[in-house]
Structures are given as C-alpha cells and as structure tokens.
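This document opens with one chain alone, in structure tokens, the form predicted on its own.
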C-alpha cells in the first residue's frame, strides 16, 4: 500500500523514492572527499554561501523539506522517506548547516504557532535556502533559568520596542532571522509575561558580536538590542504566552540534538555517525592499533552506542507519535546522545594517546584534540544534562517538582540579575 502524504494524496513508495534519489544524487551532487564529512566542510563554509547553494539545488530538484507540508513548499512525506534520502546522500555534499537550528527547531516552531501569512512567508524561503534562522533565548545574566530573562519588548502602537541582550546564539552572524523571547509584562509571574517574536537580524539597532572559543571557532554570538522596532504582526503565538511557544521550541531542540528530528537531512541527522576522520575505527587504523585488544573494545563500545542511539530514537519517536510517551520524552534520546558523545570524545583521546599533544597538518589526531576541547558542547544544547534529567523525572515519570521560591510571584517582585552593559 502506498504511503500517504500529509494532505491525503497517495505518496511515492519509500523504495521508489530511494532509487530516484540515488540516481539524482549521482548525477547532480558533488561527492565528498575521502575521509571528510559534511560537518567538517561546514566549518569552512563560514557564511553559509555553499550551504545556501546546495539547499537551493535540493529544492529545485524536489528533495528539500521532505517531511514539511506541501502547501509550504515541502514534500509532505514520511520520516522513512527522509531517512532513506539521508542514507543515500551520505557520500555527497549536503547543506547540513541548515539542519540545526533552522530546519529542525525554528521552522517546526513556526509551523506549530505561526499565522498562515507567517508560514507562507518564511517556510518556503527556508526550504529554498534563502533564509537561515537562529534562536535568541539565552542571556548573559540568566544562567539556565530561561524564564528569568530580562530582555524587554515594550508595546508602542503597532510595534514592540526591543532592548537587552542575548548570547550563545549559534551562527547569528550569518543568519537572516531569529525567534526571540522577550519580557512584555513585568507584573506577571515570570513564565506568563513573555512573548516570542520573529526578528530580522541585520537591521538598525541590532549589533552582533562573534565569540571566539577555546577550540578556535567563532560560531557563538552575543547580540545587543537598542530600541529595535518589531512589527506587532511578527509576534509568534500570543502576546504574553511566549513560554508556550518556547516550551515547544525546546522540545524540537531536544529532538534535533538527540537525533530524533524528522526535519533534518543528511547522514548524522538520525543518530548515525558519518565515518569521519574522528570515527574510532578510522583512528585505530591511522594509529596502527587495530590489533590492540583495548582499542578494539573501545571501537566496539562506540558501535554499540550508535546502535542504541538509533533504536532509542525510533522507540521514543514512535511512542510520542502514538501517545504512549508525552512530548517531553524527547529528553531521553537527547540525554543519551550527549553522554555517548562525551564518551566518544574520551575514547578517541585514549586511542590517539600522547599524539594528541602535537600533530602535523592533516593528521586526524589533530581533529581529536580540537574536538575534545568542545567535548561539553553537546551536553548543553537544548538544556544541560541536569535539566534533561529533571524533565524526564518530572514530565515523563511524574515525580514531584522541586520547590521554587518565585512561583506565581510577579516578576517585578522577584530578585533577578540586571541586564548586562555592552562590552566594547
């Protein structure tokens, strides 16, 4: 029986789709160099120029937005179709720069809460590669308490005037739009006085500063807002109900980071590793340690983690779709992915040993050292591991929530950090 698209019309069988994608990829997409994956190429595509070109190529050929609704430029097909395409495209250049957060987090949030005009304006542009998006959530003074944010948006007729600062925004310097959570009612309790906005990034009043990290990357950014006028029509969801939007956004983020999102495209999007230069089997060969029993055990452990991650994603996504699990169960594969990634970095360093201290250009050992510096990054995206454990205990297992002194108190009566001053 044929699969069904989201609008009810018969859809192409998965195997037919797979074979058609295989033939098209071989004819039209550039192959990856030996030992290089798309995530390594992404580092060289600093401003996303190549990713935009590749995304447009996919769109023109009818392979972009495989699980997005047809009425907004997608194909309206199933997760199985997307997984088939991701596996077939493993050997080719793919615009993975669009995967997180544009395709897997922010576009789905727009689908969930956007007006018809907002969805028709932005979703097709995203799928065509014309718009990259980023989320403006975290603040310099906020720590892990997202609802305690102090960036404000004040209503002034038909616009909201935005002031404050956001931080840790991945790729904001290259992005076109953001979803920005700001405080619109200081007299309401902290979760009930927030509003989510669609914000055009490169406009007067917004300054984006890149942050250089210890591994040499400058992907993270801090933004400063000085009297930025946001049209009221760019509110996503309802005024003062931004926490509802943010909560759904974070579910999409946990799915994306945990490998469970149906909207990402390309190998690595569904819990699989791509066999890059930092794969443990590759490192074992590069260091001449394939016969070392300790190394062989590490490679086996890593493979087991990969298989468990894939099965966990399938189990949880199926459970959420059937209603057996609540949507916050996405924290389970997200937590496993983060802890497995930490272990992967540790094992890679153990395999290369002292060689990680110094290396020559092109030596895969160097990749291990640099990536180890970013070991904790995967344990923070979508909320820290500790936050994922709280979500699992409270929203999946039904355990009681911990005491919060500021619960139901007006935010202007709660002690909180002040907005940061600009650093020049």
Partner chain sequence: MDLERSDDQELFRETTRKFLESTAPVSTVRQWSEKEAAGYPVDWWRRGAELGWTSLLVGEADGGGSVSGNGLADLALVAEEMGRLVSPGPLLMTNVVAAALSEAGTAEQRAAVLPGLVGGETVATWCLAEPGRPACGGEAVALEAARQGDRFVLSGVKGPVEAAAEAGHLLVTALVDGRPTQFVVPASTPGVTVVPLQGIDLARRIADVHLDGVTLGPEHLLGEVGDAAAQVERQLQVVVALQCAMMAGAVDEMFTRTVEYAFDRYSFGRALASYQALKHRFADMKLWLEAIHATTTGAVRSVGAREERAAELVSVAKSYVGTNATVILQDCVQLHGGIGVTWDHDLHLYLRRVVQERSLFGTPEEHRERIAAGMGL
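These figures come from a predicted structure and were not determined experimentally. Positions refer to the first chain, counted from 1.
In what follows, reference is made to the form predicted in complex with its partner chain, a form of this protein that is not presented.
Contact annotation for the candidate site: 155, 181 and 207 all lie away from its partner chain in the model of the complex (no heavy atom within 4.5 Å). With a 4.5 Å cutoff on heavy atoms, residue 121 does not count as touching its partner chain in the model of the complex; it lies far away. Interface residue remark: residue 389 is counted as part of the site for its partner chain in the model of the complex, having a heavy atom within 4.5 Å. Residue contact check for residue 393: one or more of its heavy atoms lie within 4.5 Å of its partner chain in the model of the complex. Its partner chain is not shown here, and in the model of the complex it never comes within 4.5 Å of any heavy atom of residue 92.
Contact with its partner chain in the model of the complex, defined as any heavy atom within 4.5 Å, is confined among 132 to 140, 319 to 327, 240 to 248, 99 to 107 to 319 to 327. Checking 229, 304, 232, 125 against its partner chain in the model of the complex, a heavy atom within 4.5 Å turns up for just one residue: 304.
With the partner removed from view, the residue among 215, 297, 144, 115 that has a non-hydrogen atom within 4.5 Å of its partner chain in the model of the complex turns out to be 297. Counting a residue when any of its non-hydrogen atoms is within 4.5 Å of its partner chain in the model of the complex, there are no hits in 177 to 212.
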